[in-house]
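Quick heads-up: it's one chain on its own, the form predicted on its own, in C-alpha cells.
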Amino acid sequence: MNDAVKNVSFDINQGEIIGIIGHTGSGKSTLVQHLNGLLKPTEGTVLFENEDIWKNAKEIRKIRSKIGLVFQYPEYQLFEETVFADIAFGPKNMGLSGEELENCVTETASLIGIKEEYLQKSPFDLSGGEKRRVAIAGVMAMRPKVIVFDEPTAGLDPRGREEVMKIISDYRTATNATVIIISHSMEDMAALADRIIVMNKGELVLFDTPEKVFASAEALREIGLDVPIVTRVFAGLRAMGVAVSPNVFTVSQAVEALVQLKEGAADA
C-alpha cells in the first residue's frame, strides 16, 4: 500500500497565512485532515501549541474547536432553518448561550459582511456566494486559533473569489488566527499567502515565500503546476527584451512595475 502523505515536516507561525498547492492527488486534502484530527497519522505526530493533538484521544473534539476546517463547497453543509442558527451551531456546541451566543453570531456576521437582516432568513433563500459566507461564518464563529480552507473559492466567479479571499484576509487581521488554504489558484496564493507549501506525490517539495516558490517555475512545471498568469506575461516581456523584473507575481506588483517602466522611459 502506498503512503498518502510521507516525509512531511513543517512549522507554521501564529498569524501566518499558508498556501498549499499541488496537482490532484498530491496529498493536499489528506494533509490538512490530519491537522485537526479528522485523520490520525500512522507514523509521526501533529503538534498544536507544541503538544501532540492525539496525546489524549478523548480531547480531540476540543482540538477541532481550536483548529477549524472549512471543506470545499461548505454551503452544501448548511442545514438550520435560519442563518443565525447555522452560524450559532458550532459556538452553541462549545457551550455558548444567551447574550454571549448572540454577540458571537452578530459579531462574526458583521466581520464577514453578512447583513443583520439576513440573520433570520433561511440560508437556502440566499445566493450561492452568500451561502458560502454563512458556512464560513459558522466555522469562524467558534474563533479557532487555526482555520483551514480547502479550495475556498471553488466554483465562484471572479467577484465571488475576491470577496471570499478578502473575508479570509480580514479575519486573519482581526483575530491574528493562523490560516491555511488549499488552492489551485496561483494568483490567490501569490496575493495572499505569507508562505506556500508545494506538495507532489504525497511529499512536501517546496515550502517558502511566494517569491521564492514562483521563482522555481521550471520545478513547478515538472510536477504539473505553473506560475501566476501575470508572471508568465512578464516572462514574455523579458523574452522580447523589455527590462522588467522577474519577481512579479500579483497584479498590483505588475502595475507598479509597469508604472516604473513608463516613468523610466519618460526620464530617458
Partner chain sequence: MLKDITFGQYYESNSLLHRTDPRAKIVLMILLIVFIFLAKNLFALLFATACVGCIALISRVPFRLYIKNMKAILPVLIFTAVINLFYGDGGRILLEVWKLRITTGGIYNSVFMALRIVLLIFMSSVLTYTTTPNDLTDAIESLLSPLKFVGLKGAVHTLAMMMTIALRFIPTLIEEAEKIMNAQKARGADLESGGLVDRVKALIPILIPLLISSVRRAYELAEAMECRCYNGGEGKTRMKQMHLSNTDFLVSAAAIIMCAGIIILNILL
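Residue numbers count along the first chain shown, from 1. The structure presented is a predicted model; accordingly, all values stated were derived computationally and were not measured.
The discussion below concerns the form predicted together with the partner chain, not included here.
Asks: Only one of 84 to 92, 108 to 116, 158 to 166, 171 to 179 gets a heavy atom within 4.5 Å of the partner chain in the predicted complex; which is it?
Replies: Careful reading of the contacts points to 84 to 92.
Asks: Please state whether all three residues S26, L220 and F234 have a non-hydrogen atom within 4.5 angstroms of the partner chain in the predicted complex.
Replies: Spot residues vs the partner chain: no contact at all.
Asks: When the contact criterion is heavy atoms within 4.5 Å, does N200 count as touching the partner chain in the predicted complex?
Replies: No, N200 sits far enough from the partner chain in the predicted complex that none of its heavy atoms falls within 4.5 Å.
Asks: Mark G138 yes when one of its heavy atoms lies within 4.5 Å of a heavy atom of the partner chain in the predicted complex, and no otherwise.
Replies: Output for G138 is yes: heavy atoms within 4.5 Å of the partner chain.
Asks: With the partner left out of view, is N103 within 4.5 angstroms of the partner chain in the predicted complex by any non-hydrogen atom?
Replies: No - in the predicted complex, heavy atoms of N103 and the partner chain never come within 4.5 Å of each other.
Asks: Whether L69 contacts the partner chain in the predicted complex should be assessed with a 4.5 Å heavy atom distance threshold; does it?
Replies: Result yes; L69 sits at the interface with the partner chain in the predicted complex.
Asks: Between A215, I229, L38, V205, only one gets a heavy atom within 4.5 angstroms of the partner chain in the predicted complex; which residue is that?
Replies: Here the answer is residue option L38.
Asks: Among V146, L126, A193, M142, which has at least one heavy atom within 4.5 Å of the partner chain in the predicted complex?
Replies: Result of the distance check: M142.
Asks: What residues of 45 to 80, in sequence order, lie within 4.5 Å of the partner chain in the predicted complex by heavy atom?
Replies: Counting only heavy atoms within 4.5 Å of the partner chain in the predicted complex, the contacting residues of 45 to 80 are R61, R64, L69, F71, Y76, Q77, L78, F79.
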